[in-house]
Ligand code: GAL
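One chain follows as structure tokens, the form predicted on its own.
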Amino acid sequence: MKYGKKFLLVVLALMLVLSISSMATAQDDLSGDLEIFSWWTGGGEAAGLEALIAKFNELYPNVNIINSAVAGGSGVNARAVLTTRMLGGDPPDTFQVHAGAELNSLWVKAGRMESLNDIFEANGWLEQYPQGLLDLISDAEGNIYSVPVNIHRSNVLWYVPSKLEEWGVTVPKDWTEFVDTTCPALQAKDVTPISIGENWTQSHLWESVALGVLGADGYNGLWNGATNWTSPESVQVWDTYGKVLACANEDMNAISWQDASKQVIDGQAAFNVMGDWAAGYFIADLSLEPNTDFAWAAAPGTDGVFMMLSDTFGLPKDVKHPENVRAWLNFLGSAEAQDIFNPLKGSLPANTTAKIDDATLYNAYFQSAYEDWTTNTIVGSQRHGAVAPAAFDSGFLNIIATFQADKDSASASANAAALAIQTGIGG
């Protein structure tokens, strides 16, 4: 019996050595290209992606990374290019996609993605990712189709504390206060009350207005059918949104989200509603200090609610380098990779074993956001793919543009209701 135990120990030791050797060989054996398709081309997001690629190259030195990023905030341009490639039989090896309807209603539904259940099971990620997030990246049968790299918050109001003090205004508690009190006070001082950028950022702002006016249940009802798009409450969203636009910069259609955010930092505007990738921009690009050079609050009327989105990557079918993609996804979902990426991107790690408590990695903004993520009511972002399919988003951008020109709330509500029916929302 003693001999048997000793023999077993020897066998186990040999197996461990062989396993380690096999892993090293696997890394050495991987070669060829790996095309990574995203819209991360500037600011903290580009820095985060570059840091991930650098670490991946250390692990797999023989794999040649092709960074096929397409410029355009929130993927407005990248998604069009991706659609052409996917339908043309030339899918990138892996591509960025928002968790939720943006992924499931298009590429998963079309049968264009490989299941990643084996990767999640092998890494123990079914216990390391929140169940709600796992649900967003899974189909009805429980098949998982992408690896989340982060959690973002959409409904964030950014400002500079010293400027608000100088102008004699405070953070508005709701949109009524902003429109009736904050906006005229700032306009009297020749300060733009709220900065807005191009079309997609206007849609981004709309969802925070909708959440502030309708509340979490009413907002969710737009997507599950419980809230009528033409109800008085829904029309009120558009009325309020129109009043907010009247407080904004006239050049909104000509500037990017970064330009709009920087107007706040430069003292041209008091507030800006943008996702927390703005924190990455402020910290990585502008070298600003949280709670000193910039500060934040939930968008007016949305305190206690966290509007979330998540950037993920998957494995399309029939790609040229599937093993390289699997190595990338195994790395991407790890706590190590997420602790590299998210402090630069301005987002929270999706993997709950990441070092969120490490203040050297995650500063005051991240600590505040993580507290909200783990205690607030969670709703999904429309603009960023969590609750509505890409077909709705595309049409809704047109409704936003038309409303900016005519300010017709009843027409916008009716058109949104028709679009919801056409794209299967609430059915």
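Rigid core here is just the name for the largest C-alpha set that superposes within 1.5 Å across the two forms. Numbers for residues come from their place in the sequence shown, where the first is 1. Being a predicted model, the structure only gives us computed values, none of them experimental.
Beyond the structure shown, there is the form predicted in complex with the ligand, which is absent from this document and is the topic of what follows.
Visitor: Pick from Asn342, Asn351, Ser74, Ser261: which residue has any heavy atom within 4.5 angstroms of the ligand in the predicted bound form?
Guide: Exactly one residue meets the criterion: Ser74.
Visitor: With the ligand left out of view, which of Ser195, Ser146, Gln96, Asn324 would have a heavy atom within 4.5 Å of it in the predicted bound form?
Guide: Exactly one residue meets the criterion: Gln96.
Visitor: Given the stretches 160 to 168, 287 to 295, 175 to 183, 309 to 317, which is the single one in contact with the ligand in the predicted bound form, using a heavy atom cutoff of 4.5 Å?
Guide: That would be stretch 309 to 317.
Visitor: Though only this chain appears here, would Arg153 touch the ligand in the predicted bound form if you measure heavy atom gaps against 4.5 Å?
Guide: Because no heavy atom of Arg153 falls inside 4.5 Å of the ligand in the predicted bound form, the answer is no.
Visitor: In the predicted bound form, does Phe120 come within 4.5 Å of the ligand, counting heavy atoms only?
Guide: No, Phe120 is distant from the partner.
Visitor: Mark Trp206 yes when one of its heavy atoms lies within 4.5 Å of a heavy atom of the ligand in the predicted bound form, and no otherwise.
Guide: Heavy-atom contact with the ligand at 4.5 Å: absent for Trp206.
Visitor: Determine whether any heavy atom of Tyr365 comes within 4.5 Å of a heavy atom of the ligand in the predicted bound form, and answer yes or no.
Guide: Because no heavy atom of Tyr365 falls inside 4.5 Å of the ligand in the predicted bound form, the answer is no.
Visitor: If you apply a 4.5 angstroms heavy atom cut-off, which residues in 191 to 230 are near the ligand in the predicted bound form?
Guide: Sequence-ordered list has one entry, Trp200.
Visitor: On a core-based superposition, does Asp393 travel 2 Å or more at its Cα between this form and the one not shown?
Guide: After core superposition, the C-alpha of Asp393 moves less than 2 Å between this form and the one not shown.
Visitor: Once you overlay the rigid core, does the Cα of Gly44 travel 2 Å or further between this form and the one not shown?
Guide: Yes, its C-alpha moves 2 Å or more.
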